[in-house]
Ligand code: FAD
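Take a look at this one chain, the form predicted on its own, written out in structure tokens.
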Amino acid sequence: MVRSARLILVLCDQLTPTVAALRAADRDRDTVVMAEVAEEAAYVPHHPKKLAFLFAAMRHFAAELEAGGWRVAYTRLDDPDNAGSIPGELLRRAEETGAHEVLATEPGEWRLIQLLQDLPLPVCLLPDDRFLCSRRDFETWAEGRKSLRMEYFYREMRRRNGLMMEDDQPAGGQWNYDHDNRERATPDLFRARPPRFEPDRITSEVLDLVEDRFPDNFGDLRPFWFAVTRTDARKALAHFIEHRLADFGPYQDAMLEGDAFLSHAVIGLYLNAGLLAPLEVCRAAEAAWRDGRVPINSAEGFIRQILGWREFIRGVYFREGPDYPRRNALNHQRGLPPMYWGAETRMACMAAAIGQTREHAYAHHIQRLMVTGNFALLAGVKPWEVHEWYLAVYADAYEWVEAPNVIGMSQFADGGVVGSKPYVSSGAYIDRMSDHCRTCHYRVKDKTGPKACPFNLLYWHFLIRHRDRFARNPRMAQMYRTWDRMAEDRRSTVLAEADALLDRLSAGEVV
């Protein structure tokens, strides 16, 4: 191999031609290092579609770099000389090329940052400036605040980037339009679906590799239809803007049997891997609104997910430090129920969310928060196990984005850093926002008895076992007043039946 001045590390979620390490590199003297390694492929049992997406996208990106004149040292998973880890590959390539320094864009995971810092080579970590709020800027915003709330951060980001602003005021006179975005959806055979991209030769080779190496991982590998290049990711974005963004707002919290996508963008995996940039996505949505193609509530709601929430949780992840995913403020100790890995369940909403996760490596935010996340929280599942499940099964999941959403937002395991109260609900919420309850084994109207919805029983059990923590929370006080007004015999029945349900969960029985 040609001698190199430096090694330029490009990770699987840094597939951006202008990523910091590539901008700082010398195309004529440096060597780009990219590697598919066992350590990253197996530290959680990743969904086969996630692995295939990342390997295929990496191979296409490496080919684009080589076509642009870069020298790329690319290691495939089945390469007999593969060192099996990112540090191992860097050391191997340093020995081959004579390079004595590594230039890298800061990874989005504390684990990888530590691995690079421990490397017996000088490593220069550059800030990942593909995000719209740097780590330093977030720290400045957060400093001195009693609590961190996304809404105020979002407003500052709107002002800073000028998105959907009229002078210094929000377009339409409101910062958000959530009250317009809680409609229940109905089945629609003509609703546009996300575009599907036929695997080319490179992607087909990756599919065969993943099928051979990870036959037992949870999830369906085929059919595989994700975009794996920036060109196709942009096509997916354009299709969403043209065909589904208009209805995104009102139906973003809705769930339907047999419709995994509704009007969602399904571009999170492209954003988080670097095939799309957050500002280009937000500007595309803003342009559609300014052109009169989509209503303001849909454009604003979509932009808030990226400019507000995505940037906010990244700031939280790095501010809170490496121990964040291990937090367990509520001391939940139950193991993750087998249904999360595809075992039978009689709950229609859980079966739908987990089933489409298995099929597509995707579920939208309400399915993650108010179905699978809500159930795990109510049941008292260990947050670390919930975290690892989400990290494994979703194609858009990396620790910086997944951990605050699960440990903070979904499981309240951070004790209130992300949210001011736990996101728990009975079956009534799911009934209101979906059609799942119509076909369920359980009856959502039943509060007790053999057909009582498990969400109904576990909702009260959760509130009572954590009463000391939440009773004085002004956003939860009404729930406790409702409980206190119940007849004593009914309260006893609810708690006894909830205990029995939890016992069945712990025994691995079908719920």
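Note that residue numbering follows the sequence shown and begins at 1. Because the structure is a prediction, the values reported are computed rather than measured.
A second form of this protein, the form predicted together with flavin-adenine dinucleotide (FAD), is not displayed here; the remarks below concern that form.
Engineer: Identify which of Leu377, Met409, Leu103, Ala254 has a heavy atom within 4.5 Å of flavin-adenine dinucleotide (FAD) in the predicted bound form; exactly one of them does.
Structural biologist: In short, Met409.
Engineer: Within 4.5 Å of flavin-adenine dinucleotide (FAD) in the predicted bound form, heavy atoms considered, which of His332, Arg368, Arg158, Arg71?
Structural biologist: It is Arg368.
Engineer: In the predicted bound form, does Val206 have a heavy atom within 4.5 Å of flavin-adenine dinucleotide (FAD)?
Structural biologist: Because no heavy atom of Val206 falls inside 4.5 Å of flavin-adenine dinucleotide (FAD) in the predicted bound form, the answer is no.
Engineer: How about Glu402 - does it come within 4.5 Å of flavin-adenine dinucleotide (FAD) in the predicted bound form, if we only consider non-hydrogen atoms?
Structural biologist: Within the cut-off, so yes.
Engineer: Within 4.5 Å, heavy atoms only: does Leu336 come near flavin-adenine dinucleotide (FAD) in the predicted bound form?
Structural biologist: No, no contact at 4.5 Å.
Engineer: Any of the heavy atoms of Gly88 lying within 4.5 Å of flavin-adenine dinucleotide (FAD) in the predicted bound form?
Structural biologist: No - in the predicted bound form, heavy atoms of Gly88 and flavin-adenine dinucleotide (FAD) never come within 4.5 Å of each other.
Engineer: Spell it out for me: taking flavin-adenine dinucleotide (FAD) in the predicted bound form, does every residue among Tyr340, Ala351 and His436 have a heavy atom no farther than 4.5 Å from it?
Structural biologist: No.
Engineer: In the predicted bound form, which of the stretches 215-223, 341-349, 391-399, 183-191 has residues with heavy atoms within 4.5 Å of flavin-adenine dinucleotide (FAD)?
Structural biologist: Comparing against flavin-adenine dinucleotide (FAD) in the predicted bound form, the contact stretch is 391-399.
Engineer: Does anything in 289-305 come within 4.5 Å of flavin-adenine dinucleotide (FAD) in the predicted bound form by heavy atoms, and if so which residues, in order?
Structural biologist: Residues within 4.5 Å: Phe302, Gln305.
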